[in-house]
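Laid out below as structure tokens are two forms of one and the same protein chain, each shown alone and named structure 1 and structure 2.
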Structure 1
């Protein structure tokens, strides 16, 4: 089959041009040597000597056959007769771990489904049934269905904002959906650092595996130190590993550089933690507002501080949340400004997930 050999960075240009002129073949684009791509051409395309090709070479090569577009097409024939609505409509991939929720009627076919998913997605190592959250740490109850290499663990690594984050969805909470919120946090802290005029000490008492930190730590001069922790020992283990990875080549010597495993409400009793932070991140959505009075003592007294957090609240209470937050700050001896509580997304028919923030002058 005839293909047009183009530089890889011009592939889309020529695909669109050939499609617009009715010259595009029905197979996929080929990967060629020396960073070039082969755009498939049909019989209507002009001869290779035509000036329209701008001197690009034509080659003959077998067409690239397009594989199945969906994992359902890889199921055994007798299962493909079932309607699409029978199968899970969504799933989540963390690193090389695929998580999928199964209805009862699907469970007898879980093994065939998992095999089809792994054939469709070569990067997936293990497929697990997500049985919902459990325990005090609200981590997922994962049941392995199929494994490419026989391993059963769910420890893996994800990429976010060009950083590697070690996670374990079977032991620790991590949400890729909050990636945009973490980027917004980074932007907020840049502005606050300029206002404060000096690098920041960031406290994150509900850090999990620490996804809020890599963007902050990479920006030289933004953060001078951190207080990070979680109540889940497995989370703290991965948090420690991640922080060591993110700071290993940093020109900054972070001080403090404290990682603890204990209830955030008791941090105020520890002299190494109390009165050390310029910035407080509070990501315990079901209890964030309730925990705030115990967290305010972590701020540096008589200095400007930034509070930023997330919560799940009743939508009917949204209008009154700014006043509530400002009242809590004032009760703790601070003066709040630039306070907001904004809906990020719906959580249920009556509840929503919000981000809140306040700049605080401590008296």
Structure 2
């Protein structure tokens, strides 16, 4: 059976691409030498020399047999006697990195568990214990438990809305859970662009690896320029790499096309950043509201602006938040309209996760 030989961190990307094009074969992904994976192809897949494969090799190999349906069935016999509820019921996969939270009693068996998981999921290169999010950069504390090829790094790539995003869950915040919000942002900006009558300059001072951008930049005529940044230098490295790959083939020459590693609250002191944006995204959920007064000077004066952000707030304060936001805009010299602060479903905590937005006329 024909398989596409891909580097392990590209497995998810190629699986999705082949699936979307109707080229994916019915068997599982093969584990090949030198950290490569074999993605099964069916007869509809173009010939090996086609440019769509971007130079990757094709190999002929027997299809992967159907094995156990769950990784628990691959545990050593003595551990299979433990009840299913003993083991983690969920985990997250980012590219070829699997992240799993471990209860205390599972820790002594972490290595056997990680090996079973890797055996079950050939696209996983490394299994890490996720010890939770830390510090201002909101980065997870990851402890590698097992690695297929001995590598310990967590740089990898994920697919979101048909785009490849370079991520590193051990160094930079990225959450697939917000992908729906990013679609909503894209829709909001299309409406705002119509209203403004010209392409937008978008500022995202808490951009992380930049997941808000690919949808916006791909849409010709929606965005004319961007200001992107983060305080975490590792985030800025990946953000730069991602923006380069998303804009490389664009017919638009984005201006500005600025990427900075700076505290967002100090952007206003920089001539290149102050007064340049039509749209501002504010994604620092624990502090978004507190940072807003320092961010308003980034909007272009005397033009219409769109503010959109996310915050984690006390549920009891939700009712007063529109008035608070409008008060902050007015204090900065703007007139807010169409302001909303709405709870985002699916984040079940005692506090609530909200998206806020306001269209601002700057006099």
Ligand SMILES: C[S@@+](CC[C@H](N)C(=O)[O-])C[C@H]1O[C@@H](n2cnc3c(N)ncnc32)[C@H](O)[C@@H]1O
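Positions refer to the first chain, counted from 1. Each form is matched to the other, and the largest set of C-alpha atoms that superpose within 1.5 Å is called the rigid core. As the structure is a computational prediction, the values presented were derived from the model and not from experiment.
Note on provenance: structure 2 matches the form predicted together with this ligand. Remark: with the core as the superposition reference, the CA shift of residue 15 between structures 1 and 2 reaches 2 Å or more. The Cα shift for residue 41 between structures 1 and 2, taken after rigid core superposition, is 2 angstroms or larger. For residue 59, a C-alpha deviation of 2 angstroms or more is recorded between structures 1 and 2 after rigid-core alignment. Taking the core as the fixed frame between structures 1 and 2, we note the C-alpha of residue 50 moving 40.4 angstrom.
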